[in-house]
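As structure tokens, one chain now follows by itself in the form predicted alone.
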Amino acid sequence: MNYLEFKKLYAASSREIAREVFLQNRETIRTKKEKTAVDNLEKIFNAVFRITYKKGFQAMSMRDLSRETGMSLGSLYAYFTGKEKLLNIIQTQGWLIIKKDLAKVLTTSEDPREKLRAVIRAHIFLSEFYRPWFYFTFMEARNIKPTKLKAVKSMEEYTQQILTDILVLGETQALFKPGNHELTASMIKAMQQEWYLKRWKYRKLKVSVDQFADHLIDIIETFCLVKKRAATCK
């Protein structure tokens, strides 16, 4: 599946994401009219991403956000109690995007080789479509308070465990070579993150998201596949 095909099946609009956030937090959001709340949440998230891309979330003030959205400070506080709550909302939604769609991708094949390819592509494709969410989630994870950090680490471990489990399953079927699958999964994840953290580099090289995903899969399969199977898996 290429990026455009994946996008048609899995991508949600910024408005759909804002609606999900509203539904998940409607008990604490003081604006009860759904359309108004969704409109403003979409506006808030887009403004946060623009501001923090330039100077970081910690340097962003509520007045910065007020100016960028055109909303009063009082209106902003109708959606979250402060910057920590806003950070938590965005981080939570960023991880939910990954978890929900990876769960769907995992059901598309029982073959460990196809599962591995699908998961690698899915993570890269999701990070292309939802780049502001991925970039923000990665860059601001260090600013989460210790009480919330456990949940973030748990999600990081969840996506890495998916890769590890696929590699282990492939080894039991004599498709993948024995090895330190946890370490391999960790390195795959780091290479997936390379796409959205250093997008400028690959744009300069004129590498498309499909080319990046295919190349990464080739590298991983060259390293992981049992040699007698390698020739038949491309």
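Residue numbers run from 1 along the displayed sequence. Just so we're clear, the structure is a prediction, and the values are computed from it rather than from any experiment.
Just so you know, the form predicted together with the DNA exists too; it's not on screen, but the next bit is about it.
J.: From the list 209, 60, 169, 191, which entry has a heavy atom within 4.5 Å of the DNA in the predicted complex?
T.: Contact check passes for 60.
J.: Choose from 179-187, 66-74, 194-202, 45-53 the stretch whose residues reach within 4.5 Å of the DNA in the predicted complex, heavy atoms counted.
T.: Of the options given, it is 66-74.
J.: Would you please decide whether residue 107 lies within 4.5 angstroms of the DNA in the predicted complex, comparing each non-hydrogen atom pair?
T.: Although the DNA is absent here, residue 107 would stay clear of it in the predicted complex, with no heavy atoms inside 4.5 Å.
J.: Although the DNA is absent from this view, report whether residue 36 comes within 4.5 Å of it in the predicted complex, heavy atoms only.
T.: The answer is yes: residue 36 has a heavy atom within 4.5 Å of the DNA.
J.: Residue 95 near the DNA in the predicted complex, any heavy atom under 4.5 Å?
T.: Answer no; every heavy atom of residue 95 is more than 4.5 Å from the DNA in the predicted complex.
J.: Residue 136 near the DNA in the predicted complex, any heavy atom under 4.5 Å?
T.: Heavy-atom contact with the DNA at 4.5 Å: absent for residue 136.
J.: For the stretch 29-50, which residues lie within 4.5 Å of the DNA in the predicted complex by non-hydrogen atom distance?
T.: 30, 31, 32, 33, 36, 40 sit within 4.5 Å of the partner.
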